[in-house]
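Okay, here we've got a single chain as structure tokens, the form predicted on its own, with questions on binding and movement later.
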């Protein structure tokens, strides 16, 4: 039986998608890239759903709205772009009321203001179903161009911008998208490939490797583990949390060894941790602290049908 999951559906749609003049990159990366004239434009959208991406009774409408904007800003960051404007669509349960809707928007607006994003339109509906939010974000590439998932090269060093694991304890609602860090990195070094960690390190690394047609080895000893992962009580190891929890929204990227050395001595927002190396043989492995090698499966989160 063929796969019946999110990735299989995306691949099916990708094979049938039409192109338009000026479209440099369509389905398959963190953003689409379109250049009708001037700087290439970046387009991304995410749909967040109650009881999948958040639980209304366990948080505030402001944090839900903030997350809806933040996950899209993270996609723009993953291509080292500048965010510009957003369109917002919401389906709000009638039972939540008008004040809830206002607070939801306040959460989105607060982060939009922080990153100088104009909310320029959208659509608001009420219904008897759960809360659903869709944000479409438009950005632009810098003069160095957008960073894709497909540029990793054998010999590259693999970096991550921050600690991993345990996001369910609050980080998935309060994280700051790495827009500033990505722009600083783009100026400092030649970014070969980059992706934001939404589905989990193991899953998103495989996405990058698939697009670049390379393999990788991770280093267990250097994986940065979040403080929240240490507080998890589900009997899974810290390594499992770092690899598979998802919604860390850090940036995973590759650079040449010379740029990697430069980055390790950098100060400021662009600091990052080296966690592995890109290799020619396909597949993904992890070098354990005792020196042994293990195959690393995709893991992480995926929507299934």
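Numbering follows the first chain given and starts at 1. Remember, predicted model here, so these are calculated numbers, not experimental data.
Another form exists, predicted together with a further copy of the same chain; not displayed. Remarks below refer to it.
Against a further copy of the same chain in the predicted bound form, the set 161, 185 and 259 makes no contact: no member has a heavy atom within 4.5 Å. The stretch that touches a further copy of the same chain in the predicted bound form, counting heavy atoms within 4.5 Å, is 194 to 202, out of 97 to 105, 110 to 118, 194 to 202, 163 to 171. The contact with a further copy of the same chain in the predicted bound form, taken as any heavy atom within 4.5 Å, belongs to 32 out of 239, 32, 56, 63. The closest heavy atom approach of residue 215 to a further copy of the same chain in the predicted bound form falls outside 4.5 Å. In the predicted bound form, at least one heavy atom of residue 138 sits within 4.5 Å of a heavy atom of a further copy of the same chain. Though the partner is left out of this view, residue 296 does not reach within 4.5 Å of a further copy of the same chain in the predicted bound form, counting heavy atoms only. Using a 4.5 angstroms threshold between heavy atoms, residue 78 counts as touching a further copy of the same chain in the predicted bound form. Contacts between 32 to 55 and a further copy of the same chain, taken as any heavy atom within 4.5 Å in the predicted bound form, involve 32, 33, 34, 35, 36, 38, 39, 40, 41, 42, 43, 44, 45, 46, 47, 49, 50, 52.
Distance between the C-alpha atoms of residue 28 and residue 161: longer by at least 3 Å in the predicted bound form than in the displayed form. Relative to the displayed conformation, the Cα-Cα distance from residue 160 to residue 26 grows by 3 Å or more in the predicted bound form.
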